[in-house]
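Here's a solo chain for you in structure tokens, the form predicted on its own.
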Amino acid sequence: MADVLSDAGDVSGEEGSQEDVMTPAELISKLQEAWLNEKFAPELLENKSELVECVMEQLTHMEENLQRVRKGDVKASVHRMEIDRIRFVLSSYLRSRLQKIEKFFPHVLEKEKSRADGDPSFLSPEEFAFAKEYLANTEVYLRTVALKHMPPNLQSIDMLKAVPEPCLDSFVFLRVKETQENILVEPETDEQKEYVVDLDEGSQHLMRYRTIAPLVASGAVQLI
């Protein structure tokens, strides 16, 4: 893998930026991290459109390098397998996001609508357009198939109430990347005292997603 990626050169996380330059191997590692987090998180995470664009550019460079490999060279098949593997991870990441948008579309749009100026967007422009179109098509379908045949007082539907929200209380496996202290696992109730733990770097845990969601967003933990 190192040979395949080293041929393409370093890449920048943002066009024209000299401050955030990643090696190709680091770029693919970031993609794998985003993929696993998105795959195992119950909610839609912040979009990584810049990362996706960089990976697409990297794949283009790798394809160009592959064309220069002599036919019959054993490296060609190894390079092709690595390119296919990266394409699989990228496709799976984008597919996971689309599946969550389809499943939770009114809540995703509401969250995007209510975010403060300056906060990171949870949807790329393409995902936002897809979510709005999906909502519009769903409303048209429901009106055509069911709502118009019902009494007038029942011919409206609140999508936010009709579509279940993501279950943030589901449990997830995680690996700690940065040591964290005094993480509140369970708040104090009449039946129990509050439960606080320290998360050591490199340790693995099974915890409620709601508890560690901010740590996933900051990159302090990795879902596995």
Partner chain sequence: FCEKALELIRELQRMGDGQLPAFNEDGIRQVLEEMKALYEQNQSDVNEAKTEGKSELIPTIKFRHSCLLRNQRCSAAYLYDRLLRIRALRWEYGSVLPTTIRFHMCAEETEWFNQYKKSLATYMRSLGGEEGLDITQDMKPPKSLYIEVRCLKDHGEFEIDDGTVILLKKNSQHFLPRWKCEQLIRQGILEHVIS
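Because the structure is a prediction, the values reported are computed rather than measured. Positions refer to the first chain, counted from 1.
In what follows, reference is made to the form predicted in complex with the partner chain, a form of this protein that is not presented.
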**Item:** Residues Leu90, Glu126 and Ser156 all lining the partner chain in the predicted bound form, heavy atom within 4.5 Å
**Value:** yes
**Request:** Would you please decide whether Lys113 lies within 4.5 angstroms of the partner chain in the predicted bound form, comparing each non-hydrogen atom pair?
**Result:** no
**in the predicted bound form, Pro152 touching the partner chain (heavy atom, 4.5 Å)** = yes
**Message:** When the contact criterion is heavy atoms within 4.5 Å, does Phe105 count as touching the partner chain in the predicted bound form?
**Reply:** yes
**Asked** Is Asp119 a contact residue for the partner chain in the predicted bound form, using a 4.5 Å heavy atom cut-off?
**Response** no
**Prompt:** Can you tell me which residues in 137 to 152 come within 4.5 angstroms of the partner chain in the predicted bound form, by heavy atoms?
**Reply:** Asn137, Thr138, Tyr141, Leu142, Thr144, Val145, Ala146, Leu147, His149, Met150, Pro151, Pro152
